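Taking the form predicted alone, here's one chain by itself in structure tokens.
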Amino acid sequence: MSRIRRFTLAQRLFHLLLMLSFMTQAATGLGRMYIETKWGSLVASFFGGYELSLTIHKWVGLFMLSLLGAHIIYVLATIEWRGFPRRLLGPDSLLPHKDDLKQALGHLGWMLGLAPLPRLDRWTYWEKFDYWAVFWGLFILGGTGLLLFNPVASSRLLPGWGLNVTLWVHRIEAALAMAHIFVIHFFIGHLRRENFPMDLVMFEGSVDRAKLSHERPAWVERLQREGRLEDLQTLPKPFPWRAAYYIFGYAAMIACLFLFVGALAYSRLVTW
């Protein structure tokens, strides 16, 4: 079975580290926030209780910011500067441009049965939204988190009410990020009919060629014109690896949905 490589090993490892750190932040943050409920106490107990959850939350937060810094360096190192800035608006770029709006409207028309399916290229409009949402979220969560890391020191820069607003912004942004990742991202990535029972591309790094030709025909045709398609061909992972990916992936989804449903169920018992 012929497959086309879509993500490099470095990109997949980055996604894995970001996913695990985000899940840890969600669990430790919710455990502390809901500590007065049985559910919150249960979540916090997995990390050693209330105080240790805060310590883990702080240091994993710094690790996430270091991932952001490493990613920015990686992006700057991989930009084809000879084609700058034209390359930044090309089909291999994740920068949004006017064609994404046309693609989104065409996709909506297809879902309503009013238009043919848009010919998607390497990146879709929803993938670009996910990518930039991470930047937006990490800058807001990271900035407010740094101020809350040592509130005594931060009180020299902000009045008491400023730290209260900082905590409120931190929690609201975290709630938005969890809702998007645990519901929308999971559904689009894994539970759509085209991807069910799971899209393994971020684990395997490759996609079946026939599926790719159906979902992203513009990218496949462009790779053929440029003579790069054959270079990206690869073999599927052995069955034990695929089984491990499914087990790990569903364990992560179940854990995240446990956090999301629990947070909703007990939300009336906490003060934001």
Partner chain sequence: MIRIGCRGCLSWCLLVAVGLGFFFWPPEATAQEEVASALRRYKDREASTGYYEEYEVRPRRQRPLVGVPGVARGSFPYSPSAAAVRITTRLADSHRGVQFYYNRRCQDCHPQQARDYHTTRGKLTCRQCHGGEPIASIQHYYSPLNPIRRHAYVCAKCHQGASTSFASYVVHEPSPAALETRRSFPVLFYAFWIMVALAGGTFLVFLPHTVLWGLRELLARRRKHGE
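A quick note: this is a predicted structure, and the numbers were derived from the prediction, not measured. Numbering follows the first chain given and starts at 1.
In what follows, reference is made to the form predicted in complex with its partner chain, a form of this protein that is not presented.
- Across the options 29-37, 57-65, 226-234, 241-249, residues that bring heavy atoms within 4.5 Å of its partner chain in the predicted bound form belong to 29-37.
- Taking the partner from elsewhere, Val183 is found to have a heavy atom lying within 4.5 Å of its partner chain in the predicted bound form.
- Contact annotation for Lys98: none of its heavy atoms lies within 4.5 Å of its partner chain in the predicted bound form.
- At a distance threshold of 4.5 angstroms between non-hydrogen atoms, Phe46 is out of contact with its partner chain in the predicted bound form.
- In the predicted bound form, no heavy atom of Ala77 sits within 4.5 Å of its partner chain.
- Note on the partner interface in the predicted bound form: the residue among Leu146, Ile72, Leu88, Ile188 having a heavy atom within 4.5 angstroms of its partner chain is Ile188.
- Contact with its partner chain in the predicted bound form, defined as a heavy atom within 4.5 Å, holds for exactly one of Ala210, Leu52, Ala218, Leu42, namely Ala210.
- Contacts between stretch 92-117 and its partner chain, counted in the predicted bound form as any heavy atom lying within 4.5 Å, involve His107, Leu108, Trp110, Met111, Leu112, Gly113, listed in sequence order.
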